[in-house]
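Take a look at this single chain, the form predicted alone, given in structure tokens.
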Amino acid sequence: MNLKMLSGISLGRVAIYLILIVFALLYLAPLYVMLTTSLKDIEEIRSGNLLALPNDPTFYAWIKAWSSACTGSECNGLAPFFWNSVKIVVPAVLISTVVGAFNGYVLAKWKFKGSELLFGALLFGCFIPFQVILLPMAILLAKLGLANTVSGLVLVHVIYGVAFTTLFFRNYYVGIPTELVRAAQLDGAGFLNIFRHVFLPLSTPIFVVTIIWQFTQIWNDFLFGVVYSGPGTQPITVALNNLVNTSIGGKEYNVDMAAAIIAALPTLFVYVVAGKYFVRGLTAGAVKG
């Protein structure tokens, strides 16, 4: 009986693994096609099998997609726009995360009159579509002298991201016992010391979740980038769109595929390196909340 049960369990696990492998292969198939296509020359792409491996792999498409050589006011590659995205993402993620942490700390443990109303307003901000704020934000950036600048895009992403980061931290900090705050107050700790010595050591999971969330949202953003950037300040998503929709001299699918992979590499790297911490952070927040 035990052998039959073990056999049934083993067969069940094998079936589950087979199903997961099939779905994983289906999910990764587009990435495989993109990668193999980027390593082929244009003649092989037009005459060969889409799923076949490249006969003579070449990195020409990758070099051309990345090349930062410029002619006049237009650049041929993604390099300058890649670094524009880095300049936008790093400060926007750091500022919105820090502001969200302080907001969440205050709203969770330092209640004041109207705090619930304020949190509700911030929560409402999470559900406002991008399109609604395009015109008001454009007017604000123009008045601040930040239109078509990297700093302007940083400000836009900080403003739009604070609602989400505040929500994440507030819900996480609600699960931290208030007795810890009171005990720290009895020891003479003030507002900042309590946050630094009590909350920050417990906040690693939610910091990881928030940073990955914000990084992904900002790096992959297209709408804000295309509306609020200028010719020299466009993020990589806008540059990728321009590159893919340009067919001067004939369509080069290998270059398009290489450019798409280059644009996706940072987010892919973040999830590969920190994906398990992201899941742990979500789980920790769910248990505490």
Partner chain sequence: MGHIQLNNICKSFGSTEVLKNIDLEIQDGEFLILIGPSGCGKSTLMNLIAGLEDITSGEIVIGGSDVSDKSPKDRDIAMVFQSYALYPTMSVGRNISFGLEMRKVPKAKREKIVAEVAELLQINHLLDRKPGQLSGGQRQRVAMGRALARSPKAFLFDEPLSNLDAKLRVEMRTEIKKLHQRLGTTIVYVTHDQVEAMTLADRIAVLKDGVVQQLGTPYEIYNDPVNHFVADFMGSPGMNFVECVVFNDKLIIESASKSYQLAVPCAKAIKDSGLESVLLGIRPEMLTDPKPYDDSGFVQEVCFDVEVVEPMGADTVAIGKWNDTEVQVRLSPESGEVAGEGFTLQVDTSKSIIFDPRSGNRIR
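A quick note: this is a predicted structure, and the numbers were derived from the prediction, not measured. Numbering follows the first chain given and starts at 1.
This next part talks about the form predicted in complex with its partner chain, which is not shown.
Heavy atoms within 4.5 Å of its partner chain in the predicted complex map, among the stretches 176-184, 151-159, 111-119, 129-137, onto 176-184 alone.
Put simply, H197 is close to its partner chain in the predicted complex: some heavy atom of it is within 4.5 Å. Remark: G145 does not count among the residues lining its partner chain in the predicted complex, judged by a heavy atom distance of 4.5 Å or less.
The closest heavy atom approach of A189 to its partner chain in the predicted complex falls within 4.5 Å.
Though the partner is left out of this view, L202 does reach within 4.5 Å of its partner chain in the predicted complex, counting heavy atoms only.
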